[in-house]
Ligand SMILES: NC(=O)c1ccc[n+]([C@@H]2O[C@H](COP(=O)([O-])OP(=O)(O)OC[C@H]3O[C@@H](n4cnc5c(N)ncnc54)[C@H](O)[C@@H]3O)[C@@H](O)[C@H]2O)c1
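The chain that follows stands alone, in the form predicted on its own, written as structure tokens.
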């Protein structure tokens, strides 16, 4: 018996990184899993096939989470094939541009906000509407970031989007509590995923980063996925509106030496 037997999960950005790890972890606990992808159909298919090879149920859906019509279509497709989703993992996202506010083009700002924040709004709205109509409980887990509070030079687009995601999480927790839809967020620190490709590829960059992490290493996507599984399970039934940091103590280093 898995923690999530009989559940149906939709994972956005499920083709790589935290999304892929979470899709696999949810399936390992018995959930049927649909994962959305935007660009890499091959990677998404590999995650799906790995789940099916282990006896799970999985499907992939191509969707731009920032497109209202495509989000609605994705939910309809998943519901028809797997059943109504009662778990939503908002993991789709773009990384910070590295460009200062003064030099950021409006198109870049809007592109990132549309994916990292508006996308979570659109998927969460569709998810809650489906559960509200059937009076079924559910769980939303938003993948935020420590950079919602620990800002980075050149990261205004990303930091603002993640701060907005934290606020969306708390607001929806208040609104959805009476419907027994729990809404929480996970704020990872440095996790070795394609989003941190420089540290993955360069041992010197990784070693320099580790010096600022009290735990002495970067995190793994599977560790974030395990936390997501817990938040979606009955073990976390009374938790809602929380933003949980998983960063090896990295954010505690902010003021040291100042």
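Because the structure is a prediction, the values reported are computed rather than measured. Residue numbers count along the first chain shown, from 1.
Note that the form predicted together with the ligand isn't included here; everything after this is about it.
Undergrad: Heavy atoms within 4.5 Å of the ligand in the predicted bound form: does residue 233 have any?
TA: No, no contact at 4.5 Å.
Undergrad: Would residue 158 count as a contact of the ligand in the predicted bound form, using a 4.5 angstroms cut-off between non-hydrogen atoms?
TA: Contact with the ligand, yes.
Undergrad: Does the 4.5 Å heavy atom contact test between residue 94 and the ligand in the predicted bound form come out positive?
TA: Contact with the ligand, yes.
Undergrad: Is residue 143 close to the ligand in the predicted bound form, meaning a heavy atom pair under 4.5 Å apart or at it?
TA: Yes, residue 143 is a contact residue.
Undergrad: Is the ligand in the predicted bound form near all of 17, 39 and 196, within 4.5 Å of a heavy atom of each?
TA: Judged in the predicted bound form, 17, 39 and 196 all sit within 4.5 Å of the ligand.
Undergrad: Quick check on this chain: which one of 206, 60, 28, 190 has a heavy atom within 4.5 Å of the ligand in the predicted bound form?
TA: Going through each option in turn, the one that passes is 190.
Undergrad: Tell me, out of 32, 47, 229, 65, which residue has a non-hydrogen atom within 4.5 angstroms of the ligand in the predicted bound form.
TA: Residue within 4.5 Å of the partner: 65.
Undergrad: Heavy atoms, 4.5 Å, the ligand in the predicted bound form: which of 182-190, 74-82, 102-110, 127-135 makes the cut? Say which one.
TA: Result of the contact check: 182-190.
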